[in-house]
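Okay, here we've got a single chain as C-alpha cells, the form predicted on its own, with questions on binding and movement later.
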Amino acid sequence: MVDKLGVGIGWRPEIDLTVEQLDVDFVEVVAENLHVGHLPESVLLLRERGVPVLPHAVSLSLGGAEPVDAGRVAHLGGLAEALGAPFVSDHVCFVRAGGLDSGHLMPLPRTREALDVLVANVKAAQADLPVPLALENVAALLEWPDGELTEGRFLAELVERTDCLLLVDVANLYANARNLGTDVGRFLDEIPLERLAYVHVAGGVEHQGVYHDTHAHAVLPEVLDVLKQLRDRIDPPGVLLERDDDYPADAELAGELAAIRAVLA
C-alpha cells in the first residue's frame, strides 16, 4: 500500500482559489489539461506548501486494441516528475478505436482476450513511466456480452499480472450497482485492497431510471455508504472528492469533504 495521503479534492482552474483555501491534504489534476513548463500558479503554490499533486490521465486508452500512444505516456511521466508525484493514474477502459475518439471512458469486455490486451498495454506504459501507475474502475451503462470474469476478478488478475496500483472510484461502483446490478460487497472482496492507491468520491443524479455519474451534483449518502463498506475492510491511504462542473459554494464543498472525513473516522 502507498503512503498515507488523507482527504483531497480534484484541482480545477474554475475553483483554484477555493482549493487553495480548503482544508485538503492532497489534490489531483487532469493530466491532459496541464503542461510541463507552464504549470498553473495555483498548482505550484500547493506544491510549495507541501501538498501532493497527483496527475490523473483520461486518454491513454489502455484497454484499446491499438498500441499505447508513447507521446501521451511521456506527457504523463513528465508531469509526474515536474510535480514530484509518487504515482500517476488512468482508467481501465478504452477511448479510441479505428482512428475515432469516443469522448467517453468506454468499459472493456471482461474476457480473457481483452484482459491480455489490457495487460500488454499497461506493461508498455509502465516501462516508460518514472513512477507507479494506478488504474481506476469506470462507470458503465452497458456490459459487453460473453463476459468471463466479474469486474472484481478482472481487476484482481490485472493487478496480479502487472503489479499496478488500484484507484477505486466508489461513485462508479455505486453507479454500476444501480445500473448493472454489480454486487458492491463481492467487488470489494474480490479486488486486492492491499494495492489500493486511493479512492474517488463524486456526485451524480438519476434521470429516467438511470443513474449518471456526473461529477456535477452533490455526493449521495448511498455513495458514502459504499465508501463505508470499503472503510470497513481497509483504511484507505487517501480519498479524493471529484467535481467537474456546476461548482457549488465553497461551504458545500467543505461540507462534502467533512462528510468524507466522518466516514473515515
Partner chain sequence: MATSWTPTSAGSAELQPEELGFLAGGPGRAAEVAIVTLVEAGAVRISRNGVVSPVRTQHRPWTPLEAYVLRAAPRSLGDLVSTVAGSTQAESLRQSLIGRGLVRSVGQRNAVRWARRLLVVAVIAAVLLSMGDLLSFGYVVATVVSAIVLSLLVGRAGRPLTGSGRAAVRRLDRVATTSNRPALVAYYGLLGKVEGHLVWETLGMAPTAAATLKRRPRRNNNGGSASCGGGGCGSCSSRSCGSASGSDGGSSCGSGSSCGGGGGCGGGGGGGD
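Predicted model, so just to flag it, every value in this text is computed and none were measured. Positions refer to the first chain, counted from 1.
Keep in mind that the form predicted in complex with its partner chain is missing from the display, and what follows is about it.
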property: Its partner chain: the contacting residue among V58, V53, L220, L196 in the model of the complex [heavy atom, 4.5 Å]; result: V58
property: Triplet A114, N179 and G209 all within 4.5 Å of its partner chain in the model of the complex via a heavy atom; result: no
property: Contact test in the model of the complex: A216 vs its partner chain, heavy atoms, 4.5 Å; result: yes
property: Close approach of E41 to its partner chain in the model of the complex, 4.5 Å, heavy atom; result: yes
property: L105 within 4.5 Å of its partner chain in the model of the complex, heavy atoms; result: yes
property: Interface membership of E242, its partner chain in the model of the complex, 4.5 Å heavy atom rule; result: yes
property: Stretch in contact in the model of the complex with its partner chain, which is absent here, among 77-85, 164-172, 119-127, 180-188 (heavy atoms within 4.5 Å); result: 164-172
